[in-house]
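The chain below stands alone, shown as structure tokens; this is the form predicted alone.
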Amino acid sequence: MLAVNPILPELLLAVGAMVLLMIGAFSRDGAYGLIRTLSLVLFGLAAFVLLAFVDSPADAFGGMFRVDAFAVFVKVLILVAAGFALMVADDYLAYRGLRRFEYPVLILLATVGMMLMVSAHTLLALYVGLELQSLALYVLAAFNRDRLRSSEAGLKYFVLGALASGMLLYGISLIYGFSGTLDFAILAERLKNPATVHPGLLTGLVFLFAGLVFKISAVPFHMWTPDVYEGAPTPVTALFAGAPKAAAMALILRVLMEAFPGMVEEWRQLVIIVAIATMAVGSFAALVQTNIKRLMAYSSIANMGFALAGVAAATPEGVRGVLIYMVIYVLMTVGSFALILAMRREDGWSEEIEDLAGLATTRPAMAAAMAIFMFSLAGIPLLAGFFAKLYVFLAVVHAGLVWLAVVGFIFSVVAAVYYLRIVKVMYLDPPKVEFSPIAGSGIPFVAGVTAALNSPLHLLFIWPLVLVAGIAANALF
């Protein structure tokens, strides 16, 4: 039946994107407002259809595509993050003269790619989803084609993304050559005994992992992130910081837990090294940033390091911790970028941290929301970010990696310095810039919802989140 077809949510978005593309192409004014609204409706419909597969996992395309509780959990998060990123874009796009119908269509197509990634159950399906997402994101990064920094951001992302895709394909070819299969389940069966695994296959796994961690900006494949975050239009940066990170982290979890469960000790060492390096670079490099978008880029890098620590646990509890972390990370980051989009002066947007000086006096509600996000990102108790780190570190400790949890805690303290510096600037420094009112309701709505979910009010929702994340994590095992 069509109503329960596992591919139906992706079909809704893909066919919807094609229809909206035609509407935009044949409309005299581009019909941006209509296409934006219909895109949000499509996100809602896709999320509603996904709920049918929570208790009834299903496969499609001969097992290449799998929808289970894990996929449903992450896909709903991706749809929410993409919807929020689309909602906060209106004021910026109107001011910059970028209200073109291609923008929501590209977000729809990128979202289709992310959802295909999450459900991929063979290395071939993995690559198809990854490239569909990447091609749309390359265009979005350079969407403001009349601005040099935006074109440069798109070019950097494309060139380095092509390099990562090459490494990914090389890894896939080695894995296929030495195992004879691309299917995750068959790979897991053939690699039960690590002692019989050919060294060439281990080399392939390293290249595969390198291609995947590029998408989450993990060290040493993080170089593109600060430049692309700074150069891309800010609404696009809000998208980059949320949905693609959740999709890529979910893909890493599915590949490692379902295709290589018998090689945990081999890939765990690699994950730990990358996690520590990522936490270190993200935490220390952000200390010297003056541009808030670059600071959030390094914050994103550090946060992916903390999430990778949960991956290293290689247990259902570790996967649950990572899923909780990604939900809260998306809420913190998208909310922060919504407020960055509210930093508009008469002559354009401000991106300097020092321009937030005295915000508590000039815009107290905006300052309070930003303080909630910064405290949450720092992991202050009673805020959502504290529980995100708590569940990851608990899983790491229970997996016998106490020292890794201690390292993560130390880098959390380092990272708190630059988050608290923003709060200090807003509340203790004299005002410098008066920001203009924001047209439309997208930014206040997204900032308000995400701030409420990061405040102590989140305690009303944390236990259901833990329960649902646990069900999703068990689906991988």
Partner chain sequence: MNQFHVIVFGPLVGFLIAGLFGRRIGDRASMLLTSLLVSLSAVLSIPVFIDTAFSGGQFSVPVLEWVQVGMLHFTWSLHVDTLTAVMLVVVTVVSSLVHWYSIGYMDEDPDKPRFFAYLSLFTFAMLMLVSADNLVQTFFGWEGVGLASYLLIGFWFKKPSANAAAIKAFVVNRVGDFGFSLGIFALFMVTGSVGFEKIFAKVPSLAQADFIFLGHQAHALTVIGVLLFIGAMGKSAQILLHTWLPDAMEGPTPVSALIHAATMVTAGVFLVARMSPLYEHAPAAADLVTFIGATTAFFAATVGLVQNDIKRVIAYSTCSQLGYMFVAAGVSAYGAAIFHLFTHAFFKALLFLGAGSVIHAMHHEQDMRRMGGLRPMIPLTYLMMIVGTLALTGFPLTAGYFSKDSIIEAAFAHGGSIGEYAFVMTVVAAALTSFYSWRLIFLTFHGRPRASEEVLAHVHESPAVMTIPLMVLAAGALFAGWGFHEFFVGEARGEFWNGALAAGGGRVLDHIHHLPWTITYLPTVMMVLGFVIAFWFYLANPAVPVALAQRMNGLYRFLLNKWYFDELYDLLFVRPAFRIGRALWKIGDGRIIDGLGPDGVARAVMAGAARIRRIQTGCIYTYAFAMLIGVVLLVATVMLAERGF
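Residue numbers count along the first chain shown, from 1. Being a predicted model, the structure only gives us computed values, none of them experimental.
Beyond what is shown, the protein has a form predicted together with the partner chain; the following relates to that form.
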Using a 4.5 Å heavy atom cut-off, which of 280 to 288, 360 to 368, 317 to 325, 336 to 344 contacts the partner chain in the predicted bound form?
280 to 288
Counting any non-hydrogen atom inside 4.5 Å, which residue from D227, D355, D91, E258 sits next to the partner chain in the predicted bound form?
D227
Here the chain is shown alone; which of L394, L160, V330, V264 has a heavy atom within 4.5 Å of the partner chain in the predicted bound form?
L160
Does the partner chain get within 4.5 angstroms of any non-hydrogen atom of Y298 in the predicted bound form?
yes
Is there a heavy atom of R96 no more than 4.5 Å from a heavy atom of the partner chain in the predicted bound form?
no
Wondering, does A164 line up within 4.5 Å of the partner chain in the predicted bound form on heavy atoms?
yes
So, in the predicted bound form, is F240 in contact with the partner chain at a 4.5 angstroms heavy atom limit?
no
Is the partner chain in the predicted bound form close enough to L155, L202 and V206 that every residue in that trio has a heavy atom within 4.5 angstroms of it?
yes
If you apply a 4.5 angstroms heavy atom cut-off, which residues in 214 to 237 are near the partner chain in the predicted bound form?
F214, P220, F221, H222, M223, W224, P226, D227
